[in-house]
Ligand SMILES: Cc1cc2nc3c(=O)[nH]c(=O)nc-3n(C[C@H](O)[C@H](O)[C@H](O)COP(=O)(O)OP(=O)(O)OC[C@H]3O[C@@H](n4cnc5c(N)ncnc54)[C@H](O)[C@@H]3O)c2cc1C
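Single chain ahead, by itself, as structure tokens, in the form predicted on its own.
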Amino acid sequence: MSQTAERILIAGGGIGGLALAIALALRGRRSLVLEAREAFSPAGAGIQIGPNGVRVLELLGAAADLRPHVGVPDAIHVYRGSSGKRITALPLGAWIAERHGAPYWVAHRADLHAALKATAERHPEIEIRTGFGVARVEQDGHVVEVFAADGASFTGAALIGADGLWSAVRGFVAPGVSPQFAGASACRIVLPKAAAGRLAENAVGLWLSPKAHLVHYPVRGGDEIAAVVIADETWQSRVWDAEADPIQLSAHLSSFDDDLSALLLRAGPWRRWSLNRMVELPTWAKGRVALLGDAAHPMFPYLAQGGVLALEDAAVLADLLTKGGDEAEALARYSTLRRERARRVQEASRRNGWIYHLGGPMALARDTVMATAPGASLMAGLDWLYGWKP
């Protein structure tokens, strides 16, 4: 078989796609990354990378490129949104690094992508092409061919759809399945540390209020603060980088501490995107085609694991594709191995979202439990998540 026919085609040059290409290259397997955009965009929000994700970055050799740009928070500080009173502190920092053998990082998504891209470009086994959007997929028993709208095509031993929430490859694996609006949106901003007021702490801040919550943490080596407000609302769009409506944002913040609301409303401009859910796919693989990351299992942001699960997917899939067997069998095995893990994380994330947005007596009960339970004990309940190893 020719080198062209042996390579793995990867649709999508985001976090999951680049991670897979690097993991394959480290095992000597060639890949072609096909990115629909003409150029990679620096736009994006912050991203939390738990020990399970940092561990993958270390194995890929990308951690060294990212390390100068991350924040390493000491704790998760949970606040009552209406008063600003701290409910509890959940340990991160040295505690979680010692417990799981890897740190908890927070970063700007653009910095993570840049680190992965720089790492990928050091591997001659990886080719990256931009401006190629998947329009059609064909496969036989030996190869898969992917076509763009203009008729251009590439051939490989397998095609991995790492092309995100609105995946074009998903239509081939699971026809008729698409994301559905979840009745909520997320507004994001990155502030200079000097303008961030009480948000400028070396911690992940989590402010809870009925039907809305705020998360913030240091990025860019601590020089900036990323903040995200997630709230129930009817606005919806497929655009990842839409301009936020200041009036709607003000309404979301109306139940928060007045000083905090004023600080956030003075900042700008804010960007926003819709949250979407998707039914569980019957399979992530069909012959020589498979899905990875959000294309396979979109995550709500309430557990901060969407990008990290894509890194996990990439590590597992690369291992299976380099064992010397049939690619279709490897993809079927990958789907079987990863589905339960993704399902458990999705369920935990949905549960967190419900807990965060409680009101009335149930919110009081939540706060009481969090205030009285030891923070380390609460975090130990996530050992199943952060303790994952490739």
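The structure presented is a predicted model; accordingly, all values stated were derived computationally and were not measured. Just count from 1 along the sequence shown to find any residue number.
This protein has a second form, the form predicted together with this ligand, left out of what is shown; the following refers to that one.
Student: So which of Arg343, Arg37, Lys323, Arg351 reaches within 4.5 angstroms of this ligand in the model of the complex, heavy atom to heavy atom?
Tutor: None of the others qualify; the residue that does is Arg37.
Student: Name the residue from Ala168, Ala244, Ala267, Leu206 that puts a heavy atom within 4.5 Å of this ligand in the model of the complex.
Tutor: Among Ala168, Ala244, Ala267, Leu206, a heavy atom within 4.5 Å of this ligand in the model of the complex occurs only for Ala168.
Student: Okay, which stretch from 254 to 262, 275 to 283, 156 to 164, 79 to 87 lines this ligand in the model of the complex, with non-hydrogen atoms inside 4.5 Å?
Tutor: Within 4.5 Å of the partner lies stretch 156 to 164.
Student: Would Trp240 show up as a contact with this ligand in the model of the complex if we use heavy atoms at 4.5 Å?
Tutor: Result yes; Trp240 sits at the interface with this ligand in the model of the complex.
Student: Taking heavy atoms only, is Phe132 within 4.5 angstroms of this ligand in the model of the complex?
Tutor: Because a heavy atom of Phe132 falls inside 4.5 Å of this ligand in the model of the complex, the answer is yes.
Student: If you check in the model of the complex, is Pro103 within 4.5 Å of this ligand, heavy atoms only?
Tutor: No, no contact at 4.5 Å.
Student: Leu317 near this ligand in the model of the complex, any heavy atom under 4.5 Å?
Tutor: Close contact is absent here: in the model of the complex, Leu317 is far from this ligand, nothing within 4.5 Å, heavy atoms only.
Student: Pick out the residues of 9 to 40 whose heavy atoms come within 4.5 Å of this ligand in the model of the complex.
Tutor: Counting only heavy atoms within 4.5 Å of this ligand in the model of the complex, the contacting residues of 9 to 40 are Ala11, Gly12, Gly13, Gly14, Ile15, Gly16, Gly17, Leu34, Glu35, Ala36, Arg37.
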